[in-house]
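Take a look at this single chain, the form predicted alone, given in structure tokens.
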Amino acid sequence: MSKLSRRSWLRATGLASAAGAIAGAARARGQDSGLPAAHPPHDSHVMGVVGRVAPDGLKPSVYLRSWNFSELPADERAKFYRETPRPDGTLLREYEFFAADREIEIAPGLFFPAWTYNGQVPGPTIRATEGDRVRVTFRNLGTHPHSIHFHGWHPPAMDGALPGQEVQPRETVVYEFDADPFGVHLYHCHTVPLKRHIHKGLYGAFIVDPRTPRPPADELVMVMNAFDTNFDVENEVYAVNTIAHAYMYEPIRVTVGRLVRIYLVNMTEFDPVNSLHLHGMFFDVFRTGTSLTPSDRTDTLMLCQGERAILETTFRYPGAFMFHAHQTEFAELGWMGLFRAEEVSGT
């Protein structure tokens, strides 16, 4: 059986799909494609895969707005997250994490042998306020040594990257530190070979809010990632939040006139940079989120691996707005989606 190369994947999926096929696939499942019926993207065709992944798989639309296990029912959430007030007014935030091997569907019919935190890629988003105490109990249920390395301030003993800090299969370790500085950060496995542990899926977003809250907004977590499906050190599939073109089928719904805040993290392996371009509008950029003053206003942002930024924008007009990597090959290989801006009812 021949290997699936990057170029053959591009030819098989990116150049052959059509907007009609997308709409037809949705209708065949009795679902609304979410695209404007009269004006599909690019009119006659759209770059991307045809069909959807299994409904019991990863859910990028849920991941967008989930942190501290908020997507789980209350009784299930309590198994993985607890918060306790402290005398100084901050919180002790306790998390239960585990590493596990899991095959995930990253495009229709295409499965990837991932290493995961809590069975998902990216791992669960951790969120705290500056000064909160973060305690993560990490159990390694996988078949290889793993760890968790958090970006931000912490003592060396909590680094998860130094020699001897690997967590062996069936072992448990506790990471504990104060959330600092405020901003959008990340966590990932730091066990060697590092590129393998990251590319296989062991990473996630870590948001630290300032003590004085940012203005209210519709908040979204986006992790740019990619997958080397034949292990030739070249990615075949690109995405935001793992599943190729997920947000073409399920556009991200936002409200015209309401502030939108995107916590954007780049965890792409094997490519020097990744990017986000938003059609029809601009956004303010807060690099690393460690300042309350934007550093740039643009419609395209490039990030190397581990770089991140908070993006803020407000949609002026209703309709479908495309967003994608501005490396066109990445877009054709899965890194493309839509915002669907809607008017508030009654306006």
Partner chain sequence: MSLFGRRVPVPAIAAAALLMLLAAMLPALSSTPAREITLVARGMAFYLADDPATPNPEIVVRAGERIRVVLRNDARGMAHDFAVPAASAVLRPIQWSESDDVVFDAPDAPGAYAYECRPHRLMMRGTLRVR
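Given the structure is predicted, the values throughout are model-derived calculations rather than measurements. Residue numbers count along the first chain shown, from 1.
There is another form of the same protein, the form predicted in complex with its partner chain; it is not shown, and what comes next is about it.
ask   = Looking at L141, A78, V273, A161, which is the one with a non-hydrogen atom within 4.5 Å of its partner chain in the predicted complex?
value = Looking at the other structure, the residue within range turns out to be L141.
ask   = Given that its partner chain is left out here, which of E250, D228, E105, D132 has a heavy atom within 4.5 Å of it in the predicted complex?
value = By the 4.5 Å criterion, the partner-contacting residue is E105.
inquiry  = Would you classify R170 as touching its partner chain in the predicted complex, given a 4.5 Å non-hydrogen atom cut-off?
reply    = Contact with its partner chain, yes.
key: is_contact(C304, its partner chain) in the predicted complex, heavy atom dist at most 4.5 Å   = C304: no contact with its partner chain in the predicted complex.
inquiry  = How about D101 - does it come within 4.5 Å of its partner chain in the predicted complex, if we only consider non-hydrogen atoms?
reply    = Because a heavy atom of D101 falls inside 4.5 Å of its partner chain in the predicted complex, the answer is yes.
ask   = Would P294 show up as a contact with its partner chain in the predicted complex if we use heavy atoms at 4.5 Å?
value = P294: no contact with its partner chain in the predicted complex.
inquiry  = To test your reading of this chain, name the stretch in 124-132, 189-197, 220-228, 170-178 whose heavy atoms come within 4.5 Å of its partner chain in the predicted complex.
reply    = Correct option: 170-178.
ask   = When you measure heavy atoms, are V256, P318 and F321 every one within 4.5 angstroms of its partner chain in the predicted complex?
value = Spot residues vs its partner chain: no contact at all.
request  = Any residue of 110-132 with a heavy atom within 4.5 Å of its partner chain in the predicted complex counts; write them all down in order.
outcome  = The stretch 110-132, when checked against its partner chain in the predicted complex, contributes only F111 at the 4.5 Å heavy-atom cut-off.
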